[in-house]
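Below, in structure tokens: the form predicted on its own, a single chain.
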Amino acid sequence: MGKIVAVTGNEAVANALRQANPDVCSLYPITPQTDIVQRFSSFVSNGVVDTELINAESEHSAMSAAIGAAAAGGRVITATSSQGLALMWEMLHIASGMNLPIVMPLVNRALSAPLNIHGDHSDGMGARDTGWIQLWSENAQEAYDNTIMAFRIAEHKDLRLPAMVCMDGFIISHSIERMEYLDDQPVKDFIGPYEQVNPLLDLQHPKSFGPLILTDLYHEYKRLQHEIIGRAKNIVLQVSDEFAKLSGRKYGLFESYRLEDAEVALVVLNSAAGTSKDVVDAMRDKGIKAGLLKPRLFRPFPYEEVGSALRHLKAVCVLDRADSYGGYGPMFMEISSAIYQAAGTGSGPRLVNKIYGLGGRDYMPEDAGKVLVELDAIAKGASVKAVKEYIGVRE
């Protein structure tokens, strides 16, 4: 059914977007995302897709155009990175608040200042409370698969929310990997035709989008928004089960690696998980019962499921490729909450937080190895020197 290829992550995602054949693509280039929209624009100019291409004057305008097109009743895509996502900020809330199922690949890149074009998770983590579904991807294959599934998830009749598909800038976006493309027709059938819900251009049934809501209803509206995005967990699992039948590749809310009998574990997103898995194997050979949990669905966060998967451990390190200045790393705070709720009156594992790879700094196997050795010592009774530390920093 599929075709084995060697492509970059950007090319893989561009082809997933081509197979979805959206009605509208509003775009503005930004490193390291540019190659996605550049490739997709060639599909438009060559007549490969039926998409209306909107060349916007900024990322804010690109998201504004996407919102207008989605409200009008179209299947809509865009893509961005870093400062582009930051410039979209106010419009991200409007897209989710208006229940518009826009699909947006996010090629993760550091935020300025100082200016840096390389990959970390500052942009995606900064947008975690904008009401968008967030799917994170370890490699080009996962980015491709997640993009295809994102249409089904975002457009589900019980959800209708925008979704961003995250992958690491340059490490995944520009590296060539071996992966499998699915054939066009099965993907088209899997995604299905776009079903309009309250399209703004239905003149026979006039409606209002984004109305003024004051103290009488705003609080209730936002509670409902929280309830709706909470449905995404089950929908993600349903769509992933169907995708497994199509592709043979199984996805969940997160991936567990050698976690069931582990005593210590790493929690890490995206490309660093691949490096960490190799180190987990090496630590096992040395007698350290190590494991790994790699989140896939970050918003809504699956607290109960993650807490249940980690609560039996003795020590856990959450590796964050983004920082919360004056606080712990953003993923550490989520994992802490999950474990606290799962442990109940029990103690649960000891937790530490390591900030790594900011601005594209390399994450090396020896970094993961040192962390696992430290966790093993903590599991055996050693004290925690510092809950939050930076690894790979030149002092």
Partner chain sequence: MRKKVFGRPEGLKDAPFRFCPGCGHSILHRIVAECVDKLDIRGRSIAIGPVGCAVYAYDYFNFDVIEIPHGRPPAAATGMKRARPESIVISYQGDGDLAAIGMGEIVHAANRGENITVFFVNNGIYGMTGGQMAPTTICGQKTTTTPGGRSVAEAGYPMKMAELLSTLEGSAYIARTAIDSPKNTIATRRLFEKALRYQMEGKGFSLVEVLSPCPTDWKMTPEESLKWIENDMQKIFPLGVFKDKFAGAAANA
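Residue numbers count along the first chain shown, from 1. Computed from a prediction, not measured in an experiment: that's the story for all the values here.
Separately, the form predicted together with the partner chain exists; it is not shown, and the next lines address it.
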Looking in the model of the complex, is the partner chain within 4.5 Å of a heavy atom from each of Gln38, Asn55 and Leu87?
yes
Partner contact for Tyr28 in the model of the complex: the partner chain, 4.5 angstroms, heavy atom:
yes
Can you work out whether Leu115 and the partner chain are in contact in the model of the complex, taking contact to mean some heavy atom pair no more than 4.5 Å apart?
yes
Is Ser347 near the partner chain? Define near as a heavy atom within 4.5 Å, in the model of the complex.
no
Is Ser337 part of the interface with the partner chain in the model of the complex - any heavy atom within 4.5 Å?
no
Per-stretch contact check against the partner chain in the model of the complex, the hit in 56-64, 347-355, 323-331, 366-374 (non-hydrogen atom, 4.5 angstroms)
56-64
